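In the block that follows, a single chain appears as structure tokens, in the form predicted alone.
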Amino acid sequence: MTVDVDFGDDGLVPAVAQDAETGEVLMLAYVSPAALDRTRETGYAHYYSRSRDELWKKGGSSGHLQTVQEVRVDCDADTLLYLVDQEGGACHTGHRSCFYRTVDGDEVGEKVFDPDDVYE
């Protein structure tokens, strides 16, 4: 049985990407029905960019792909969890996780690549 995801009025749901092995939270992005379909078809994480207004494959330009092991849906069917194997960093800043700093501004996450080398 497939769960009917509630994409709401704007046609998007938040999706948390979590390392399938370690449980580390890597990022949060938004998913459209087409992005979810593409993720399920290819096994690679796809999201919807609200700023660019387009579907995108995570790692499409950086090479830092997310191979999706499992897609879970929350109890209200309005949020997704992608359990992934992350190649390289998940964050465009060069950090492994987008959650690399505290609200006080302290950097607590690992920087794994130089964005200037990747996004020329």
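Residues carry their position along the shown sequence, with the first being 1. Nothing here was measured: the structure is a model prediction, and the numbers come from that model.
Just so it is clear, the following notes concern the form predicted in complex with another copy of the chain, a form of the same protein that is not shown.
- Among heavy atoms of Ala77, some come within 4.5 Å of another copy of the chain in the predicted complex.
- Another copy of the chain in the predicted complex is not approached by Tyr44, whose heavy atoms all lie more than 4.5 angstroms from it.
- Shown alone here, Lys111 lies farther than 4.5 Å from another copy of the chain in the predicted complex, counting heavy atoms only.
- Although the partner is absent here, Val68 sits far enough away that none of its heavy atoms falls within 4.5 Å of another copy of the chain in the predicted complex.
- Residues of 40-60 placing a heavy atom within 4.5 Å of another copy of the chain in the predicted complex, in sequence order: Arg40, Arg50.
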